[in-house]
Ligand SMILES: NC(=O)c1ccc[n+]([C@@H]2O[C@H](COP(=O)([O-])OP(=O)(O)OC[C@H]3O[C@@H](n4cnc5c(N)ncnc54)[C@H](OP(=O)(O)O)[C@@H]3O)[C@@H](O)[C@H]2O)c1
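Below you'll find only one chain, the form predicted on its own, shown as C-alpha cells.
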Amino acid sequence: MKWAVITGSSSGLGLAMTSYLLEQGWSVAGGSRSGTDIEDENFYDLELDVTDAEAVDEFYRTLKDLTPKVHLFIQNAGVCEMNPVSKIDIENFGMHLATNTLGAFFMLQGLKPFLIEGETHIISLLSTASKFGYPEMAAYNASKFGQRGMLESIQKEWKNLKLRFTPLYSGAVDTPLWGNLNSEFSNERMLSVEEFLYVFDFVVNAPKNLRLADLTFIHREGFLE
C-alpha cells in the first residue's frame, strides 16, 4: 500500500486531491485544522496547524504510528487574502509568511525521516503567484515567492536522495476560496477543479524518470487581470 500525505485536506483542492487519491487506492493521511468530512477506511484525518512547530511534530509522531515511509507528499495548505498595500498590516503579512512559507518549511523539515530514496514524490501547489506579482496580493506574492525559493534550495540539498519534486504553478481555480476573498474576478476565466485534477492525475502517474520542473497551467484566456 502506498502512502500519501496532504496538508490542507479539509476543503478546496486539498479535499479534491484527497478524494482522488483514495479512489485510486492510496492510503492518505490528511492534515487540517478543521477536519475533513471523508469516511474511508484508508483515510486518516489528523489535526494539523502548519504554523505551529509543535503541532507539526505531533502530526509526524502520529504519522509514524501509521507508516514509516511516505511515497507522495502534497504541500497544499495555505492562506490568501487580497488587500492593497496601504491596508496590509504586520499581522496580516506575517500570517501569510507563517502559513505559506514557514509552514511549508516545518512540514518538509519533518518529512525527512519518511523519505524513500529514489521514490518519494513531493508536489507543491505554488500557483502562478510564486512567479508573477499581482495587484493587491503583495503579502500572498511574497509568501509564495519565498516558498518557491525555499523549495528550490531543499531540492538541491536533497539531490543525492534522488527524489521527485514537482512544483505546480496553476492559475486561478474555481474553489470556495474566491468567495471568501470578495474578489471581482469572473470564475468563467478560472480553471475548474476537474481541469486541475486532470493535470494532477498526469503528474501523479507520470513515469518516475520524467521531471516536470516548471509546470504552469492556466485558463486558455490567460491570467486574471
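In case it trips you up, residue 1 is the first one in the sequence shown, and so on. Because the structure is predicted, anything quoted here is derived from the model rather than measured.
Keep in mind the form predicted in complex with this ligand is missing from the figure; the text below concerns it.
J.: For a quick test of understanding: in the model of the complex, does each of Asp49, Leu125 and Ser170 have a heavy atom within 4.5 Å of this ligand?
T.: Every residue of the candidate spot has a heavy atom within 4.5 Å of this ligand in the model of the complex.
J.: Within 4.5 Å, heavy atoms only: does Asn160 come near this ligand in the model of the complex?
T.: No, Asn160 sits far enough from this ligand in the model of the complex that none of its heavy atoms falls within 4.5 Å.
J.: Answer yes if any heavy atom of Ser32 is within 4.5 Å of a heavy atom of this ligand in the model of the complex; otherwise answer no.
T.: Yes, Ser32 sits close enough to this ligand in the model of the complex that at least one of its heavy atoms falls within 4.5 Å.
J.: Would you check, heavy atoms only and a 4.5 Å threshold, whether Thr175 touches this ligand in the model of the complex?
T.: Judged by the heavy-atom cut-off of 4.5 Å, Thr175 is in contact with this ligand in the model of the complex.
J.: Even though this ligand is not shown here, does Leu21 get within 4.5 Å of it in the model of the complex, heavy atoms only?
T.: No, Leu21 stays farther than 4.5 Å from this ligand in the model of the complex.
J.: Based on heavy atom distances of 4.5 Å or less, which listed stretch (84-92, 151-159, 71-79, 114-122) is in contact with this ligand in the model of the complex?
T.: Selected stretch: 71-79.
J.: Suppose contact means any heavy atom within 4.5 Å; which members of 1-22 contact this ligand in the model of the complex?
T.: In sequence order, Gly8, Ser9, Ser10, Ser11, Gly12, Leu13, Gly14 come within 4.5 Å of the partner.
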